[in-house]
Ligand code: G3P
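First, one chain by itself in structure tokens, the form predicted on its own.
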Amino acid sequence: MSRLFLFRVTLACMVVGFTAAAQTPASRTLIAHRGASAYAPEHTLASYRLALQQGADYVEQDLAVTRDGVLICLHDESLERTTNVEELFPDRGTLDGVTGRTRWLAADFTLAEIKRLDAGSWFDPKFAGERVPTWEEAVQVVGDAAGLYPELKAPALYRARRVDMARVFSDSVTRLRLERTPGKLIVQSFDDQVLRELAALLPHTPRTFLIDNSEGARWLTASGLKTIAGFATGIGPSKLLIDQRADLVRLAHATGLTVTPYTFTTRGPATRFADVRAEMEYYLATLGVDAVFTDNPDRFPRDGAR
């Protein structure tokens, strides 16, 4: 019986309302954060393929919506960090009144325009010519080799533009028949409103509520977790929030929520751990989290192996 199958069974039990006490803990689960993004440009097909080669159980896709309503895989709201959009469309940027920076928002470009961009050279010249993939392309590349773990990015931006991101996404799930395999798909967001909408649109799809450091005090209490359980099946806190609260995983599990912290990487600041493998092992074995987001799928500790 595979690790991924066990994790999918556990998630399915949570969705249909089994109590945490009746659940068997899932095998440790690896989510490739933006693909194998320590080694290949994030959210490119090259990064997704490498994540599969490195044994990912799930591959994460951050999702944005183009001007013509197509879901694409992109972490930022804008294109300038990871593409050559400034070179190809120098006059299409808009001034951000808050930061004072010029940004090239993905929502201002059609899919055809975005497909002209180089999404690989910023990371390493050997990836020149990699393109921003569509959500559908990502689904096709992952295929049956792993699960999908999309995040709906910046729903408030799209609400302000009268774009129903939850509906666009749920329609794609139906079209791509992703709900037919239990556990194939887990959707996540920092935005509780969009998860509430998805709870109605996709009631059988597990939903992870992401929580950053600034929101921990609001949500990570007994009452806050109970509220989350009304619209989500799991939480995705920053790893610091879990490290500061030895009881948090137990409390979340008692509320029927899975726990998947982010992000474990060799590209971040130094930690107190010997390496990223030891850090993930601590969270999985000592703190008891269900899964982790990592940029380094090849460093994931399988079954306690060091």
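A residue's number is simply how far along the shown sequence it sits, counting from 1. Here the structure is a predicted model, which means the values were calculated and not measured.
Below, we turn to the form predicted in complex with this ligand, even though it does not appear here.
Contact with this ligand in the predicted bound form, defined as any heavy atom within 4.5 Å, is confined among 243 to 251, 257 to 265, 50 to 58, 274 to 282 to 257 to 265. In the predicted bound form, at least one heavy atom of Lys153 sits within 4.5 Å of this ligand.
Taking the partner from elsewhere, Leu210 is found to have a heavy atom lying within 4.5 Å of this ligand in the predicted bound form. Not displayed here, this ligand is kept clear of Lys115 by more than 4.5 Å at the level of heavy atoms in the predicted bound form. This ligand in the predicted bound form comes within 4.5 Å of a heavy atom belonging to His75. The listed set Thr233, Thr134, Gln188, Thr82 contains one residue whose heavy atoms approach this ligand in the predicted bound form to within 4.5 Å, identified as Gln188.
The partner is not shown here, and in the predicted bound form the stretch 84 to 103 never reaches within 4.5 angstroms of this ligand through any heavy atom.
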